[in-house]
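Heads up, the chain below is alone and in the form predicted on its own; it's given as structure tokens.
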Amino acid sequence: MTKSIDTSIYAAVSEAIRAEAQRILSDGTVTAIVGYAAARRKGSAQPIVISSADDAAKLIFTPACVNNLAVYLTKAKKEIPKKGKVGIVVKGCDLKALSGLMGESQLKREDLYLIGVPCAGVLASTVQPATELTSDSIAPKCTECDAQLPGGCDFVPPQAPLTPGQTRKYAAEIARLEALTPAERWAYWKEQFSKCIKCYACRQVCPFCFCEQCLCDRNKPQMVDTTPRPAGNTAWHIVRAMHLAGRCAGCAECERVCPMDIPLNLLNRKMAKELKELYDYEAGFEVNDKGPLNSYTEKDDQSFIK
């Protein structure tokens, strides 16, 4: 049964974001703000960078605001000023990404002004932008979200969101795959990876893929076959999953932009589940300089050692 999700707070949230943006740009608190604005297509939204208080009126927050804006602080975007504090509009999953980047010394908290938005969910990539947010149209990642109200921000509108309260879609799919035999699971992922065309959209949209040269682009020595063939595809996705283990914020941008509909966030959620069970660790709002895969304690599980 399809259930509507209350997004009536989004209009008030948009107004609050505009007012705060105008204030901090006018008084010089920030030199620029990364946020969302209406796009050409009816009901759609797109990232925007503004540096003038007059442009604050362009900022919005709607169910179509799907992008994780944290990537704009890590990809050397020309629109982002190199000096001064930068404001950024963040959903809960976006803030987790920023916390991870701070822990990896890619960003400094004192250089950012965080504008948190209460979020009851955004639209799935498979639906039209102007679609009403419902239990059918909501992005699967939002059914797993435990951070509808970002904490630790410099500004958060006072409106509290309603919890979506949907079936945890990734958890259900992970349970289904775990019930299969190892051979059946391997066959499932081989089929998924075989669809990959090596466009690297997943890498380009991920805040944690910030290396100036990706290991998988190197040819002396070549670590991963760059052609879209089965062996290279499998290596690419396994390497990427391991690199994101304990880091992934669950924003699901990789899955959203994949033109071949590979369930990349499903793989990331499975890795997150393993990290939680093995090391009682999960990515969150806490800034950690080391995750479980690049640190060691005597309490670590060593059952894999034969």
Partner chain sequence: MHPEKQKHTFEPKIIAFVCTWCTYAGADLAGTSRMQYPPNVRVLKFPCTGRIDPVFILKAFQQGADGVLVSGCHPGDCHYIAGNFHARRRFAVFRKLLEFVGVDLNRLQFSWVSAAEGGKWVEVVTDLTEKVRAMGPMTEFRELALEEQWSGAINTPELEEAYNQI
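Positions refer to the first chain, counted from 1. All of these numbers come straight from a predicted model, not from anything done at the bench.
Keep in mind that the form predicted together with its partner chain is not shown, yet the notes after this line are about it.
Looking at its partner chain in the model of the complex, residues E178, M242 and A245 each place a heavy atom within 4.5 Å of it.
None of the heavy atoms of G152 is located within 4.5 Å of its partner chain in the model of the complex. Mapping the unseen interface onto this chain, L293 counts among the residues with a heavy atom inside 4.5 Å of its partner chain in the model of the complex.
The closest heavy atom approach of E191 to its partner chain in the model of the complex falls within 4.5 Å. Interface membership of Q302, defined by any non-hydrogen atom within 4.5 Å of its partner chain in the model of the complex, is confirmed.
Exactly one listed residue, out of V156, V224, A120, L112, brings a non-hydrogen atom to within 4.5 Å of its partner chain in the model of the complex: V224. Residues of just one listed stretch (225-233, 131-139, 144-152, 84-92) have heavy atoms within 4.5 Å of its partner chain in the model of the complex: 225-233.
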